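As a starting point, one isolated chain is supplied in structure tokens, in the form predicted alone.
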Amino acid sequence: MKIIVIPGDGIGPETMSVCTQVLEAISDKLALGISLFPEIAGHESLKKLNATVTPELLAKVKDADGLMLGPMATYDFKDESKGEINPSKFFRKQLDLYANIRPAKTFPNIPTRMNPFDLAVVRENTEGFYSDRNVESGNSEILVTPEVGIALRRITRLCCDRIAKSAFELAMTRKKHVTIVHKANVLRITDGMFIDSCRKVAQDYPEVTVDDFIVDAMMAHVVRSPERFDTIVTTNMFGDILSDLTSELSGSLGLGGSLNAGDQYAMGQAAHGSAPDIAGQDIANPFSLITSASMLLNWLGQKHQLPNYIKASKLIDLCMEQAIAEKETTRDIGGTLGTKETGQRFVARLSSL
């Protein structure tokens, strides 16, 4: 398997360095035959190639089996005419990565105010309120007058159907419970279509329990009792907000893994940002990227029917649980180690499992 590795901006090079060590270690351990190919995007690419991402890079990614994308300084990239393209959005659109899967779970040794929980947010990734992926011209925000702005929201039956199917397929591997999150009391047509698609897809999964919540009420329920939920499916913006909340409730956004998946391609990506304020200080938590890499291996294993890839994913997850239990982690989740040493301990533990 050929995996493209893009470190990204800010803390990306530090955390991705740990992630690649983990991928190399598990590949050696289980004879996975993974080959990692480093590439650049973001600020480094903008400086060297006058664009944050290039058509040549996209061609390389399409020729590979998977992509690991480090955190990007997305907010810095404002003018696409100057090559300032959001790399995350670029790959999601160009590869049609319509499902953004973000798990969140608690660990016994990480203090939280929550009861123990283990859930996953399944977020539609290609449309919704995000102005850069709704219209052919590239921007669905309209400045009508200097004092009036309008934002358009696109919801399509196709995207609703396929994200619903992704959620129910995932739920079948978990606790067989899907929660639909929406705002259909106000967005009657668009979220009405979303709910309708989810309910129709649910008919193909009679073993799965289904309920639904209005998004503002859902936020309150998740804060009060996240253990009630298993697989949550929702539209783009709601999923973006909800997944950050659930990751933070689990103890740290630094634990939040993320997989962007489509029918042909998948991209592992840290759920957090580039955190330039702590870059280069050896304190960033690499576990988000490691979890994302584990999810990518599982996706590859499922897609290509490779049991050892699925086993590799489970071993990485087990190793993370053990590392957290022994506090072989960065300080943000109760450990005393730096980024680099956290990675070294992790690889050593993984090799000995």
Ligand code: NAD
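Throughout, we count residues from 1 along the sequence that is shown. In this text, all values refer to a predicted model and were calculated from it rather than measured experimentally.
Below, we turn to the form predicted together with nicotinamide-adenine-dinucleotide (NAD), even though it does not appear here.
Residue contact with nicotinamide-adenine-dinucleotide (NAD) in the predicted complex: S45 places no heavy atom within 4.5 Å of it.
L170 falls outside the set of residues with a heavy atom inside 4.5 Å of nicotinamide-adenine-dinucleotide (NAD) in the predicted complex. Contact check for P71: a non-hydrogen atom falls within 4.5 Å of nicotinamide-adenine-dinucleotide (NAD) in the predicted complex. nicotinamide-adenine-dinucleotide (NAD) is not shown here, and in the predicted complex it never comes within 4.5 Å of any heavy atom of A312. Stretch-level contact analysis of 298 to 306, 312 to 320, 282 to 290, 31 to 39 against nicotinamide-adenine-dinucleotide (NAD) in the predicted complex, using heavy atoms and a 4.5 Å limit, identifies 282 to 290. For the three residues N109, D230 and G257, a heavy atom within 4.5 Å of nicotinamide-adenine-dinucleotide (NAD) turns up in the predicted complex in no case.
Residue-level contacts in the predicted complex: of T179, S197, S250, S274, one residue has a heavy atom within 4.5 Å of nicotinamide-adenine-dinucleotide (NAD), and it is S274. Contacts to nicotinamide-adenine-dinucleotide (NAD) in the predicted complex (heavy atom within 4.5 Å) from stretch 7 to 22: I11 only.
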